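Next up: just one chain, as structure tokens, the form predicted alone.
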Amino acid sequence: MQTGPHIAQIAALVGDPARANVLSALMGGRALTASELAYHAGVTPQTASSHLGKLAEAGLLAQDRQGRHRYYRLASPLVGRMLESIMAVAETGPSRYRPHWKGGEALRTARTCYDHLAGRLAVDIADALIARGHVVLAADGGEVTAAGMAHLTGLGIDLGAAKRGRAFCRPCLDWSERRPHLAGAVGAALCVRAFERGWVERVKDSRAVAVTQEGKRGLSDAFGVVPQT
């Protein structure tokens, strides 16, 4: 008799290559159509529809309708965190299990990791916040100091709203850099603000993000970070 979580069932869903590609594509944080996900998975639309139905039934995906189109996204930050952890474990394992990506150095430099920034840029921001005493990160959690609250609020981030309904501040092991970047509600709020201020912009058909000229100035002023290009 099985009394614990259905680990084997979830692992089997994620372990299929096509479904893994679907989930990886949605780690960019944007909702995508079935046709777009079929392209990312390298399968026919009919096959993609079957995979999407299974993932949605298991609670890994959520669906939104807009007119004739149905959009899919990861069901929750918890699903994103699970995928991040799998990627981190795969990166430290034998080479045949290590994740492969499209995007090369652009993706390694800066990308979205579900709802927060990742890559060298995000690691540098986390390092800067820690060095300034704005954030304290431990192995399994983190906190924003009073000085950090003032600084982030000054950047236009509503930390009161960010606290609602999820982990407030936590480290996320960056699987390309093997060092932590900032996740949780604070990491997500920082990501949103970076897009709002035009510091970063999405790269088409990729999880990579590009730092704009305004972003180079803004990130330097806000965090003392000089983005690598």
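In this text, residue numbers run from 1 along the sequence as written. The model shown is predicted, which means the values in this text are computed figures rather than measured ones.
The same protein also exists as the form predicted together with the DNA; that form is not shown, yet it is the one meant from here on.
Novice: Does any part of Tyr72 reach within 4.5 Å of the DNA in the predicted complex? Heavy atoms only, please.
Specialist: Yes, Tyr72 is a contact residue.
Novice: Taking 4.5 angstroms as the cut-off for heavy atoms, does Ala18 touch the DNA in the predicted complex?
Specialist: Output for Ala18 is yes: heavy atoms within 4.5 Å of the DNA.
Novice: Would Ala31 show up as a contact with the DNA in the predicted complex if we use heavy atoms at 4.5 Å?
Specialist: Ala31: no, not in contact with the DNA in the predicted complex.
Novice: Answer yes if any heavy atom of Val43 is within 4.5 Å of a heavy atom of the DNA in the predicted complex; otherwise answer no.
Specialist: Yes, Val43 lies within 4.5 Å of the DNA in the predicted complex.
Novice: Within 4.5 Å, heavy atoms only, which of Lys54, Arg197, Arg179, Arg202 is in contact with the DNA in the predicted complex?
Specialist: Selected residue: Lys54.
Novice: Using a 4.5 Å heavy atom cut-off, which of 169-177, 22-30, 189-197, 63-71 contacts the DNA in the predicted complex?
Specialist: Of the options given, it is 63-71.
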